[in-house]
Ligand code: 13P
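A single chain, nothing else alongside it, follows as structure tokens in the form predicted alone.
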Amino acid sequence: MNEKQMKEEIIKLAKERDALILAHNYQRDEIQDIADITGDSLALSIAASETDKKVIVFCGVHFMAESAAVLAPDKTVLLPVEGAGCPMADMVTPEALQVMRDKYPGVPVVAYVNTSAATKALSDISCTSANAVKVVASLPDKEVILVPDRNLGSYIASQVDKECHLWPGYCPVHDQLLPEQIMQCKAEHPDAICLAHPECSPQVLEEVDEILSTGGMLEFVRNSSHKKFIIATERGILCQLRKENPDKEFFFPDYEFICKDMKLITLEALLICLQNMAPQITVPDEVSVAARRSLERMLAVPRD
């Protein structure tokens, strides 16, 4: 099959299976083009929790599909490539987190969605990069444990009046960007507004104009009268940026900015997934109940 034929067959099968196709903003362009909903982790979590479809096909990575399975336990959740993981999520385990909880008894744990369901089950509330500051600010406690991203944690700490205990994890895609690369790009495009994801290092974030989730970046650009933007996040976001803003220009620092796990899902993999209704992602009941509590607490925090 060529690309056009595969897309037609995917659309046909999705209708037959009563399936909702979700795609993260970092997915391949052709996957985003065929998805029912594209978005950041927060938008996709909400979509998973609210859909009336019987099947959710999550074009993202494993922790995202797990979250969908937790939030929609009555749905069949599929992940086209089961091996699509997240190095950051692997940097924290429930066992290691329990050691930190024991070190700071009574201090609530805020778990970034980039964690396994088992880690979420041991946390008090979840957050995404879009709502992290609001989630932490909503807690009455004066101390919090933030896992697993030290960069997002540092950003949260700079925005709230709380003592924040940070886990030493990081996103390899964002963490290795250098402030010098941002400064060089800004020098080359002095009339561009620079947007960065909070998974970038504090040194990088000091050099940018706005710190935003991918969904926040899309909204900012959509509503901005400016025409040029420097984007400091995974290059998959360019698909939606260009689609929504054909009259605007986008530049990236001289840096790879590719998440190889996010790029594992292809049209062929999506088609085979729908044909076979596999791989299916499930979460044990005892883990799911506790992880759902953490995610639902997050979703209950008021949004703008």
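Start at 1 with the first residue shown and count on from there. Quick caveat, the model's predicted, so the values are computed rather than measured.
What comes next is about the form predicted together with the named molecule, which is not displayed.
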Inset, instruction - Using heavy atoms and a 4.5 Å cut-off, decide whether 41, 114 and 197 all contact the named molecule in the predicted complex. - result: yes
Inset, instruction - Heavy atom within 4.5 Å of the named molecule in the predicted complex: which of 239, 64, 273, 56 fits that? Just give me the one. - result: 64
Legend entry - Contact segment among 151-159, 70-78, 207-215, 183-191, judged by heavy atoms lying within 4.5 Å of the named molecule in the predicted complex: 207-215
Legend entry - Exercise: residue 129 in contact with the named molecule in the predicted complex, heavy atom 4.5 Å: yes
Inset, instruction - For the stretch 14-35, return the residues whose heavy atoms include at least one within 4.5 Å of the named molecule in the predicted complex, in the order they occur. - result: 24, 26
